[in-house]
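Encoded as structure tokens, the following chain is the form predicted on its own, with no partner shown.
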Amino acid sequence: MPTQPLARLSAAEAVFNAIRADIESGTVAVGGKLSSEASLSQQYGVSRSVIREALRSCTALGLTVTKTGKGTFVVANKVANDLTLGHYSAGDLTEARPHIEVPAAGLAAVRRTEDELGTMRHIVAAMITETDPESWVALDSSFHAAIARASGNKVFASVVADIRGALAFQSETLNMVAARQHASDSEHQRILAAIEAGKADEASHAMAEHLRAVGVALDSILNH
């Protein structure tokens, strides 16, 4: 049990790892209830928002279920076959995103306005310096939504807007479990550079590579 407050950047990951270890080892049995957010916050010396980040990832992995007003309960002692991300699963996203975001990136490279390009530049710059995990995942989903809007295709823009919450949820879990944040920053920079240069094929390829890397990280979690 930590005796010093955890650094904000690694706090949610550290708490998540501790809770996951307790669940997988049977220290907290299936059917058991985790301590309250307030108790966990005091135990680990972190804010309740950090505790919530860790618990969301436990839920995404299929280890826990949070019931409003009742608490968080352990429902499995091993990771599920898929991640639950609100209304969608990681499997749903993995199947659908290449058919939407790869062509959207290509179209954005030739259709984006200067204002749209400025928005994307601002988001990527902010992500590189962002140290708050929750803020970073919000920027991440904003970047993907900005590309879809810049494609000029209202169907692509609408679909990505609809899945933004699931994208943020997925990014949060991948960052916590598979340390994806730094790699994602680099991949986003390559996507942006191709869109800036007006190179449709390169933008599509960069997006495809980003989504492939996300899929690899997901597989590493589910096959843990």
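Sequential numbering from 1, following the sequence displayed. Definition used throughout: the rigid core is the maximal C-alpha set that superposes within 1.5 Å between two forms. Everything numeric here is computed off the predicted structure, so don't read it as measured data.
There is also a form predicted in complex with the DNA; it is not shown, and the following applies to it.
Judged against the DNA in the predicted complex with a 4.5 angstroms heavy atom cut-off, the residues E37, R48 and K70 are in contact without exception. Think of it this way: in the predicted complex, the DNA has a heavy atom of just one of V214, A206, I23, A11 within 4.5 Å, and the residue is A11. For the options R164, K199, R190, R52, the one in contact with the DNA in the predicted complex, meaning a heavy atom within 4.5 Å, is R52. In the predicted complex, the DNA lies within 4.5 Å of some heavy atom of T66.
In short, of 70-78, 145-153, 123-131, 97-105 it is 70-78 that has heavy atoms within 4.5 Å of the DNA in the predicted complex. Core-superposed comparison between this form and the one not shown: the Cα of P98 travels less than 2 Å. In this overlay on the rigid core, A203 has a C-alpha that sits less than 2 Å away from its partner position between this form and the one not shown. The two forms, fitted on the rigid core, differ between this form and the one not shown by 2 Å or more at the CA of G71.
The pair T59 and S158 approaches in the predicted complex: their C-alpha atoms are at least 3 Å nearer to each other than in the form depicted.
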